[in-house]
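Listed next as structure tokens is one chain, alone, in the form predicted on its own.
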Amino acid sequence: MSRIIVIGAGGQIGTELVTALRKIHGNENVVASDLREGCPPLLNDGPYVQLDILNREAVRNYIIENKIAQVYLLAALLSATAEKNPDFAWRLNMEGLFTILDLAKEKHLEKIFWPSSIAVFGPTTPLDNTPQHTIMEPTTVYGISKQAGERWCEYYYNKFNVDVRSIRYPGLISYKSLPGGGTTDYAVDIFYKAKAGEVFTSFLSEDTALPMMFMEDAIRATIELMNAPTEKIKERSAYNLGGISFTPEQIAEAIQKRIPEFKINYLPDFRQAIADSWPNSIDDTAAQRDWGWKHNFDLDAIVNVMLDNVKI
């Protein structure tokens, strides 16, 4: 059985991805890795290693010595956090990618998953049903790094036959792990306020529509993409991935079906400008065509699962 490592396993995506991969491949074959010294409680049913993706030699040595075959590279600084520390965000988001791409180029790895984002798009991109191939002029450090990363992934595939696969994730919603500083985080935070009986203040305006997805769909998409036959993968930059789109007002109304007394107000901050540069909705026809992608969760389903499971 090929060994897998998830780098950045303690984040919002990583926690659930490790759990899903261990169910498929066995606990001992999926290594969780993160910056923190101790293993996060949700991941203590299998191997854990503390690694800093910026420590190139330590990462290389671990992967080579432990005969790792697949890497899921999730370590990154997300959109809102990256704007506060752009130099570090660029370094973290790019240098780690080169470390892993070079390992595959040298034939130490069989396959790589690297996540992109809807942040690669910008204000000049068509906002509605944003196509797979379109204008990409991102205005955030996170988006710039993800766009550059897509180009490098495609380059390493074309020049060195590196099997690297990627998804442009929309905003992700989960009750199992907290988000890490993204512009779509409001769509998780809102459920905690609703369950606590508190008024929620949205940092985006009521009519800001953004592509969103329930985490279970995103994890399934990631694994389906990685399991797809090589000849099916036509996009070596990153695939558009569509789920649903909604505004803060629409998610509040969906919550009010369950909690009629829930209240929301709006106080847009610097994240509004980031959201305004992103698409309203995504066309993921290429993913549907190439590897059979289809989302399962609509807004009401997401709201019901979140309200049933969020703990305060």
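Start at 1 with the first residue shown and count on from there. Treat the numbers as computed from the prediction; the structure is a model and nothing was measured.
Below, we turn to the form predicted in complex with a small molecule, even though it does not appear here.
Is there a heavy atom of residue 237 no more than 4.5 Å from a heavy atom of the small molecule in the model of the complex?
-> Heavy-atom contact with the small molecule at 4.5 Å: absent for residue 237.
Proximity of residue 21 to the small molecule in the model of the complex, heavy atoms at 4.5 Å = Residue 21: no, not in contact with the small molecule in the model of the complex.
Should residue 99 be counted as a contact of the small molecule in the model of the complex, where contact means heavy atoms within 4.5 Å?
-> Residue-level check for residue 99: no, no contact with the small molecule.
Is residue 200 close enough to the small molecule in the model of the complex to count, meaning some heavy atom within 4.5 Å?
-> Close contact is absent here: in the model of the complex, residue 200 is far from the small molecule, nothing within 4.5 Å, heavy atoms only.
Using a 4.5 Å heavy atom cut-off, which stretch among 247-255, 44-52, 279-287, 262-270 contacts the small molecule in the model of the complex?
-> One stretch meets the cut-off, namely 44-52.
Report the residue, out of 144, 153, 112, 78, that has at least one non-hydrogen atom within 4.5 angstroms of the small molecule in the model of the complex.
-> By the 4.5 Å heavy-atom cutoff, the listed residue in contact is 78.
So which of 103, 187, 221, 92 reaches within 4.5 angstroms of the small molecule in the model of the complex, heavy atom to heavy atom?
-> Selected option: 92.
Should the three residues 36, 171 and 180 be counted as contacting the small molecule in the model of the complex, with contact defined as a heavy atom within 4.5 Å for each?
-> Every listed residue reaches the small molecule in the model of the complex, so yes.
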